[in-house]
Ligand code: NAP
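This document starts with one chain, in the form predicted on its own, laid out as structure tokens.
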């Protein structure tokens, strides 16, 4: 493909897609857009760092051939005022993987945001934002090292669809009339109206990418973030469709959080990704109080916009927050901050956002050794307190350097020799220790752990008493009573004998069928006073349906069974506790 102003570098090969995966040569051509404002400063610095890392990591056997693509103000000067040239769009599609600095949108009517236009024209439906703390970076949190998440934000629907009707316009009045008269909806007069479409197609492709990322990067969980308790048919549907993708397409690799508790006793099976969901407002609190609980978040556009910026503030701010906009294969990595024109050309600002977007890019093409080297060199440089002005003013004894000076310090760190493998092992050891600690809490106090981690019980599997005390048929009631007192329980299960039927003996049975009947517990067998056969419910039965079952059968507890084998007990006390601690929303 020939271009008017874009020059494809000689000696490089383009990335291609084979069998649904990227095919990356050792000399790939990657596109870059310099950006506006501070863009040239940070791009020059990052290109220097990236090239040095690749050379060091692969002993000169790999090399990126950089192809400059033009957008924004620089494009306007080259393409006679066109800030968004068609050939630049074609080049980004052709090169598949590119990175860009911040872009400004021209002042004046008729100009769309260049960033939004780029996402829409290339259908870059997933905005991916990793948020991770690096040693030495100033943070408002006490334990910022526990923040290590990746946010997948849907890029094409929700508020980004741009379906709005201004108050007082004929279009607004037409829609308002339809809503009031035909749909019987009530709202204030002269209200501006907006529509937020959420579709199964857009939802599923985003969640699919998030789950695959979690699998590829050995993450522990994917959390669907939504406001489905209020917006049931848009954000609630996002949640439901997300679970559908996990169940139908990743059934062998995933389990739900409900299954984690009900079937596995809080222990995550090796290699399984836990799929869970949280209400949007709750997740903001949890990202401050319990950030280690979360790995990958998948959410809609507006939630993701707020959440990614808020989380970035926990680990150093937007100045070091990386990001990417991705289609199935085409990806444009980007600095997530603005152009900061007052610092343009001053060689002053922190290049971290674009730098770590490059780290994401190298991970995306499979060059993880270079990516890790850059991350480690950055951490070592900051720990040495060699930083740009934004961090220097927050640190005691810092050495303030320019953008290019920071790049030079990072290159020196890489050249001096960093034991990347040792650092990786140290990090993985800390991650595994944190995972084991969380698992122990889930096993030892599941109810409290659910509450503290933001999970609201919805099924009997969430609140049941696991591993109920079981006795054999033929056991004397006195012996069973001793076991009940020893274990602090109000009932025991009776294992089946020849008839294959399970039973349950409760404290009430002892009172009514032993004490009131004036019989000796030392001579009566448990099956003589037990309730048989059991009233059982499946592990995924809703709490509402469980209450209906108990009321209908005039009983105080039911046995939760799986494959006809009891695995837990739910009592009216458990239901009461759940409602008292978590509240109750009518179905």
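Residue numbers count along the first chain shown, from 1. Values in this document were obtained by computation on a predicted structure and should not be read as measured data.
The following text describes the form predicted in complex with the named molecule, which does not appear among the structures shown.
- Contact annotation: residue 192 falls outside 4.5 Å of the named molecule in the model of the complex, judged by heavy atom distances.
- Among heavy atoms of residue 482, none comes within 4.5 Å of the named molecule in the model of the complex.
- Interface membership of residue 349, defined by any non-hydrogen atom within 4.5 Å of the named molecule in the model of the complex, is confirmed.
- In the model of the complex, the named molecule sits within 4.5 Å of a heavy atom belonging to residue 342.
- Put simply, of 500, 338, 168, 77 only one has a heavy atom within 4.5 Å of the named molecule in the model of the complex, and it is 338.
- When the named molecule is considered in the model of the complex, only one residue from 490, 104, 456, 253 comes within 4.5 Å through any heavy atom, namely 104.
- In summary, the region of this chain contacting the named molecule in the model of the complex, judged by heavy atoms within 4.5 Å and restricted to 448-456, 150-158, 404-412, 95-103, corresponds to 95-103.
- Counting a residue when any of its non-hydrogen atoms is within 4.5 Å of the named molecule in the model of the complex, there are no hits in 142-167.
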